[in-house]
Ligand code: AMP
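To begin, one chain is listed below as structure tokens, in the form predicted alone.
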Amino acid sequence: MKHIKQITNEMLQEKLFFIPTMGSLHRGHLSLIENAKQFELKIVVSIFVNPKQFNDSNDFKKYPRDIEKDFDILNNSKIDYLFTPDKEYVYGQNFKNIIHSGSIGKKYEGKSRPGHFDGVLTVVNRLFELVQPRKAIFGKKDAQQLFLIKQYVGKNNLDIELLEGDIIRDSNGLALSSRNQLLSDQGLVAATGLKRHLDTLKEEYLQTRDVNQSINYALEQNKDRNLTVDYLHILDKNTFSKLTEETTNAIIIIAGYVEGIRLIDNIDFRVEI
């Protein structure tokens, strides 16, 4: 594995598979790497904690970082390049190319974290410019992020094939996240309530087909003083908007706080018309 701070011309002559991360790696990230190994491409993993996607400076400061552990994990994973750019290399002094995420980017997670998805699309676009990959992969856990990135790549005809990595969960159903490392043992138990909300809402909706009733039922059935739900929505997965009579692919998204740590999760499923 080569550890680089800047992309070289030599790298750009190769066919690259890109896995952007913010570090503090876990089994979810490793699953993305295993996916990448199916292709005959050089694998580039980046670690860059992007300040532009944090609307809370304290959240940025306390975001978990462990570059030495990450280095060992990636070295053992036998990737080709570890790319750890600094802020100056990514953005420069007079960077102005902010990518706006549109109306969807202002809803749900974007409503609770103003400017978050503008920051996400901005850094993803910039990293794509630097790395120039043939393929890139993003995890499904950040469902709204994945939707917006796919939308951006499609609208701008970027010559990059996007792949989706499955959500990896622990034995209790908790979606793996770098932020989980900030939770106590009690907090980890409380965080499993996110998945229970999702499962309860799905089951109730499939029985009643009543969105509001199903959401209220899920919230009532899964009350936990250690978990504060910020939002719980069921949406059309193809549009990331309200369900319609034509919806066949649905997604349920949730965000909440445990011990002051923000966590998100989702499940998707088919809806029979």
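If you're wondering where the values come from, they're calculated on a predicted model, not measured in any experiment. Heads up: residue numbers just count along the shown sequence, starting at 1.
Below, we refer to the form predicted in complex with the named molecule, which is not included among the displayed structures.
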Evaluate residue 63 for contact with the named molecule in the model of the complex, applying a 4.5 angstroms cut-off between non-hydrogen atoms, and reply yes or no.
yes
Contact of residue 86 with the named molecule in the model of the complex (heavy atom, 4.5 Å):
no
Non-hydrogen atom contact residue 23 with the named molecule in the model of the complex at 4.5 angstroms:
yes
Taking 4.5 angstroms as the cut-off for heavy atoms, does residue 32 touch the named molecule in the model of the complex?
yes
Using a 4.5 Å heavy atom cut-off, indicate which stretch of 72 to 80, 127 to 135, 168 to 176, 192 to 200 touches the named molecule in the model of the complex.
168 to 176
